[in-house]
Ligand SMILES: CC(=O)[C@@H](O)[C@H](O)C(=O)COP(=O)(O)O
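A single chain, nothing else alongside it, follows as structure tokens in the form predicted on its own.
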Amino acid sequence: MVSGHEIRLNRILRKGKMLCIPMDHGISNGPIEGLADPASMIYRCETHGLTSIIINKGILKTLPKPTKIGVLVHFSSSTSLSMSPNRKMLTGTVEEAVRLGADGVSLHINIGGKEEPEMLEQLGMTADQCHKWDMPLLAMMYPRGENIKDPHDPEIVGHVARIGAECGADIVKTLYTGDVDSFAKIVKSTPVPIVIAGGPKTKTDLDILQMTEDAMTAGAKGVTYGRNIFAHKNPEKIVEALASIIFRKESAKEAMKKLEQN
């Protein structure tokens, strides 16, 4: 028998892999480049290989029409104007996600700072509610805070990813460590699928394509890239290039050639 969890997970993944644009930046940073009109960006990219998006509930409620891809509603927020920008607070409930028609819930958890304890509690309690409602949970697990000297340190990333899995997340999003071998160990020691974050906009398209190829080689199940897609000069084409690596196992150089031809 197919469960509600499986049905929803199948909407946000394709063949067990993810190509997702997180677009939750409006609360933290305002209407940044590429997100002045989130709905337009979604509809531009949804038929080019995306599997899902991550958006805040206010954007979901104001979409002019349903999307053709999976939707995860993001329930963690803080702002760049705050005295505590790393302190993510809950902005919704799993029951609300069900009412909104979301296919999954997303939380942002920062590990390594003084705000860590309450965010761990949020993750654990939300995971329990997600289980109750058969709702997939994606945890954005970031090494970020006073105790983090190098957020890409493989030991730290591995610990942070494991925390997400142990607290009940179905998918863990975290930082790529920079090399295949170290990230492969993290994938192996994390008992749920891992997808990588894009971070700041890369200097070149090849950089983001190569990081994608390397992460997939290490065993990642996909990517969640924000600025590297919605702030790109041609979002649809970079999505197509990423999809060719994730779903068709093309190399970064092969994907780059196609990108340059368009």
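Throughout, we count residues from 1 along the sequence that is shown. Here the structure is a predicted model, which is why all the values come from computation and not from measurement.
In what follows, reference is made to the form predicted in complex with this ligand, a form of this protein that is not presented.
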Within a 4.5 Å heavy atom cut-off, is R227 in contact with this ligand in the model of the complex?
yes
Consider P193 of the chain shown here, and say whether it contacts this ligand in the model of the complex, taking contact as heavy atoms within 4.5 Å.
no
Indicate whether this ligand has at least one heavy atom within 4.5 Å of a heavy atom of H25 in the model of the complex.
yes
How about I111: is it within 4.5 Å of this ligand in the model of the complex, going by heavy atoms?
no
Go through C167, M140, C130, A97 and name the one with a heavy atom inside 4.5 Å of this ligand in the model of the complex.
M140
Would you kindly say which of G199, G58, G219, P31 lies with a heavy atom within 4.5 Å of this ligand in the model of the complex?
G199
Counting only non-hydrogen atoms, which stretch in 114 to 122, 140 to 148, 183 to 191, 153 to 161 is within 4.5 Å of this ligand in the model of the complex?
140 to 148
Heavy atoms within 4.5 Å of this ligand in the model of the complex is the criterion; list the residues of 161 to 195 that meet it.
K173
